[in-house]
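So this first bit is one chain, no partners, the form predicted alone, shown in structure tokens.
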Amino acid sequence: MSLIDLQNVTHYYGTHCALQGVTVSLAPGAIGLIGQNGAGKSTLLKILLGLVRPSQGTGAVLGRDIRGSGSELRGRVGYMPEAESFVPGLRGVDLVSLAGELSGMPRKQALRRAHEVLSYLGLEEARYRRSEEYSVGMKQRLKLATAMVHDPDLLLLDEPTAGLDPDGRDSMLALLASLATRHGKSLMLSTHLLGDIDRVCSQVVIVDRGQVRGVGRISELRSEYRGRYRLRWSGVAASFLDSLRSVGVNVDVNGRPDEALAEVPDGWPARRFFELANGSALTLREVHPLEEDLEAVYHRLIQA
């Protein structure tokens, strides 16, 4: 069973189309949701949580219909919002316990789980402090605790590293990666920080102006970029470059005398570069396959 399965989901706010024709099927695991502000990420999260019913389309989360299972979904999905959602004067443990009760847990069980989750997240010593006394990093962990207290099958995380310093960001990302890998928790991490996605997630959904531009495993999206090499040499390259072009290799020298980018046909063996270089007035110094990072994947797909 897919974790998330959406078919042609479209949503309007008045006349503004926030999402258009979203169709995705995602397996359990860690999923990145990428897009700039206003791309439609928050609307998609609210639909997955059952808080917003889409204007058009159908779908299911954890096998539950997104149109008629809102309360049931919220019992199985944890949500960490970007904005603070604390009750002034309430202690950390009481806030997390309240979140558990609102998710349908009995009061004693919710309180016990609140202590367990806060200890796991490193907030055991601060659990009796009022939430407004927490640092920014502690507040982010407290929000995560309220999302985790009822042991949901899926965590929806909206900008979980927002406002954190580098050490706090590293700590939060390590924690999320541990939840996904060591504890088998499925999560969707919504952010515009592509490095966060790269460190935690194996799947990605790329959203731009309300439309999904790319979806799937990050490794597979990157594989579409294979077949590109950086070549460096010493000597005169004219005959070598002509030989490459004659066998279907696209070569971009961009005015450089000793370097080129080469895009090769399918099935091209790297040794072929050296074979073509034999007899030419140059010596190949480097044949380096290019690897596409997530930022390059993102820009390639939204510009397609």
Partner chain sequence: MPIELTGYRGWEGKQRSSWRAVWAIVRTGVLMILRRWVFWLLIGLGLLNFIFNFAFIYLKATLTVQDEGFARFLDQYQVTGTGEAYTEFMRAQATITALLLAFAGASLIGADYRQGGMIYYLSRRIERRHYIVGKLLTVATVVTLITTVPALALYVQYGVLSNSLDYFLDNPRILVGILGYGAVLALVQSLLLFAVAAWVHRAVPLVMCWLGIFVLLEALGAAAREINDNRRWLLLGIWRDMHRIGEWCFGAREPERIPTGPQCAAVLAGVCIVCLIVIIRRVRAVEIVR
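Residue numbers count along the first chain shown, from 1. Everything quoted here is computed from the prediction, not taken from an experiment.
In what follows, reference is made to the form predicted in complex with the partner chain, a form of this protein that is not presented.
- Item | Partner-contacting position among 221, 175, 138, 212 - heavy atom within 4.5 Å of the partner chain in the predicted complex | So the residue touching the partner chain in the predicted complex, by this definition, is 175.
- Task: Go through 74, 199, 169, 127 and name the one with a heavy atom inside 4.5 Å of the partner chain in the predicted complex.
- Result: It is 74 that has a heavy atom within 4.5 Å of the partner.
- Query: Pick from 270 to 278, 231 to 239, 66 to 74, 248 to 256: which stretch has a heavy atom within 4.5 Å of the partner chain in the predicted complex?
  - Reply: Of the stretches listed, the one contacting the partner is 66 to 74.
- Query: Is the partner chain close enough to 161, 193 and 217 in the predicted complex that each of the three has a heavy atom within 4.5 Å of it?
  - Reply: No: no residue has a heavy atom within 4.5 Å of the partner.
- Heavy atoms within 4.5 Å of the partner chain in the predicted complex: does residue 94 have any? Within the cut-off, so yes.
- Query: Is residue 203 close enough to touch the partner chain in the predicted complex, meaning at least one heavy atom pair within 4.5 Å?
  - Reply: Close contact is absent here: in the predicted complex, residue 203 is far from the partner chain, nothing within 4.5 Å, heavy atoms only.
- Using a 4.5 Å heavy atom cut-off, state whether residue 151 contacts the partner chain in the predicted complex. Yes, residue 151 is a contact residue.
- Tell me, yes or no, whether residue 99 is in contact with the partner chain in the predicted complex, where a contact means a heavy atom of each within 4.5 Å. Yes, residue 99 sits close enough to the partner chain in the predicted complex that at least one of its heavy atoms falls within 4.5 Å.
- Task: Note that the partner chain is not shown here; using its position in the predicted complex, name the residues of 19 to 57 with a heavy atom within 4.5 Å of it, in sequence order.
- Result: Counting only heavy atoms within 4.5 Å of the partner chain in the predicted complex, the contacting residues of 19 to 57 are 42, 45, 46, 49, 51.
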